[in-house]
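In structure tokens, one chain follows: the form predicted alone.
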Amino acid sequence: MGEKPIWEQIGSSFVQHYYQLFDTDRTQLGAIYIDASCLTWEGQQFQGKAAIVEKLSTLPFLKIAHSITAQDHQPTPDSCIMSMVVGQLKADEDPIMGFHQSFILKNINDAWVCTNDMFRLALHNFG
């Protein structure tokens, strides 16, 4: 099997960088968003770098650790990269929970930024 396509390399590198920042210092995530970026976090909408960083840096836990189970990346017709991540997270002393997160990455001035970010915990309510 040969080298992975460039979009998989870029997507995988982004995912590794994102969760390393998220798990160590969420305030640093502003570097990956732009003012036109959109975040949907558990159904809540946020637009713009400042609003996104405020939301992510004020989430109600002190420590968090993500474990990535799987990630998939695709090129889009407009030269972006769509990434989907499935994994587990542990926040503070809460039980381990599954999550899904999707990103759209765009190259702007030779830097890959996140223009769209959607996150959901994988909680199921069968009641």
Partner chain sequence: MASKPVWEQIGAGFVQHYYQQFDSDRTKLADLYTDASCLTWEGVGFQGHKAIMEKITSLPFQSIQHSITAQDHQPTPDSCVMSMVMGQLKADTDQVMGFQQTFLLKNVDNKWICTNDMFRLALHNFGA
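Since the structure is predicted, the reported quantities are computational estimates derived from the model, not experimental observations. Numbering follows the first chain given and starts at 1.
Below, we refer to the form predicted together with its partner chain, which is not included among the displayed structures.
Does its partner chain come within 4.5 Å of any heavy atom of Ile6 in the predicted bound form? Ile6: no contact with its partner chain in the predicted bound form.
Any chance Gly87 has a heavy atom within 4.5 Å of its partner chain in the predicted bound form? Yes - in the predicted bound form, heavy atoms of Gly87 and its partner chain come within 4.5 Å of each other.
Within a 4.5 Å heavy atom cut-off, is Phe103 in contact with its partner chain in the predicted bound form? Heavy-atom contact with its partner chain at 4.5 Å: present for Phe103.
Would you please decide whether Gly30 lies within 4.5 angstroms of its partner chain in the predicted bound form, comparing each non-hydrogen atom pair? Gly30: no contact with its partner chain in the predicted bound form.
Where, within 29 to 55, is there a heavy atom within 4.5 Å of its partner chain in the predicted bound form? Residue list please. Residues within 4.5 Å: Cys38, Leu39, Thr40, Gly43, Gln45.
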